[in-house]
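Two separate entries follow, structure 1 and structure 2, each one form of the same protein chain as C-alpha cells.
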Structure 1
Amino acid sequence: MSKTIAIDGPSASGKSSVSKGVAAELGFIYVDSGALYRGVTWQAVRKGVDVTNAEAVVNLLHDSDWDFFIQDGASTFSIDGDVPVQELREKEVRENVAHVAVIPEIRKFVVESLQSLEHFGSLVMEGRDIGTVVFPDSPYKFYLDADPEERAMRRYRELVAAGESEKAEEVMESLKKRDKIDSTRKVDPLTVAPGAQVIDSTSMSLEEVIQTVVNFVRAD
C-alpha cells in the first residue's frame, strides 16, 4: 500500500533537502508542491500577465496545458509542452510567487493536482499546507522549522552557490515578508498540522533530520 509523507514548514527550513533525502532512502517519489505555484508564476511572467491581477492569472491557467510525469524519482510537469526547471528558481519568479499563491482558484488547482499524484505511488511531498490541506489524513506529517537567522543564512548560501549576489540582509527581509504572507493569508495559511511532528532543525545536521523522519515512518 502506498504512503504519503507530508513535510511542511516556512521558507528555507530545509524542506527540500530533507524531503529529497527521505525519498531517496525510502524509495519514494519526491514532490515539490511549491514548484506548481512557481510554474504558474513563471507562465504568467513569460506571458506578460500581471501576477497581482488574480482574474488574469486564473484565465491564463485555464488556457495552459499542464502534464505531470515522473522523472529521476521526482514528480515534474510541462506547461504548454515546456518543462521549466531552473526557470522556476529565477529571481523574478521567486519575488512574485507569493502573489500567485494567495489566489484561491490557483490553490484549488494545485491541491487537486498534488492529490492526483498518489496514483504514481508512495510520495514525500514538501510544502506549506500538505499536512493541513492536501493530505490531512496522512499519519506521516512533519513540520520543519529553524531560527529565522539560520534560515536566512541557508537561503543566502543557496543563492551564492547558484550565482546570485543578494546580500544576507536582503534575504532576511525577503524571508520575513514571505513568512508574513504565508501565515496571514486567508486561504490555507501556513500552520502546524494537527498531529504533525515538529522538528526544529536549527542545530541539527541534514542527516539527523532525514533519519528522524525515516525512523518514524519505518517504525509504523
Structure 2
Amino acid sequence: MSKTIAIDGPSASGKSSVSKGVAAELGFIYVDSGALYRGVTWQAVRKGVDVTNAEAVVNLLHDSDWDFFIQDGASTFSIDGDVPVQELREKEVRENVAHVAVIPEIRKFVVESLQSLEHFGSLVMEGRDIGTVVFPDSPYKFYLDADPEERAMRRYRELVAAGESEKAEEVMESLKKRDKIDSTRKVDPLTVAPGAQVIDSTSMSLEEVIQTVVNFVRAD
C-alpha cells in the first residue's frame, strides 16, 4: 500500500534536505509543494499579469494547461508545455510568490493537485500545510523545527557557500520576517498538525533527522 509522508516547518528547518533524504532512502517520490505556488507565480510574471490582482491570476490559471509527471524520483510539472525548474528560483518569482500563495482559488488548485499525486505512488511531501490541510489523515506527519538562530546560521552558511555576500544579521532579520508572515497569515498558516511528530533539530545532524523519520515510518 502506498504511503504519504507530510513534512512541514518554518524556513531553513531542513524540510527539503530531510524530505529528499527520506525519499531517496525509502524509494518514495519527493514533492516540493512550494514549487507549485512558484509555478503559478512564474506563469503570471512571464505573461505580465499583476500578482496583486487576484482575479487576473485566477483567470490566467484557468487559461493555463498544467501536466504533472515524475522525473528522477521527484514530482515535476509543465505549464503550457514548458517545464520551469531554475526559473522557479528567480528573484521575480521569489519576491512575488507570497501574494500568489494567499489567493484562496490558487491554494485550492495547488492543494487538489498535490492530493492527486498520490496515484503516482508513495510520496514525501514538504511544505507549510501538508499535515494540516493537504494530507491531514496521513499517519506520517512531521513538524521540523530548530531555534531561529540555528536556522539563520544554516541559511547564512548556504549563502556564503553559494558566493553571496549577505550579512548574518540580515539573514536573521529576513528569516524572522518570513516566520511571522507564514505563521500569522489568515489562510492555512504554519501550525503543528494534530498528531504530528515534532522534531527539534537544533542540535541534530541532517542524517540524524532523516533516520528519525525513516525509522518512524519503517516501524509502522
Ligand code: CDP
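All of these numbers come straight from a predicted model, not from anything done at the bench. For the two forms, the rigid core is made up of the largest set of C-alpha atoms that agree within 1.5 Å on superposition. For residue numbers, the reference is structure 1: its sequence is counted from 1.
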Form predicted in complex with ligand CDP - structure 1 or 2: 2
C-alpha of Asp80 moved at least 2 Å between structure 1 and structure 2 on rigid core: no
Large Cα shift (2 Å or above) at Pro148 between structure 1 and structure 2, core-fitted: yes
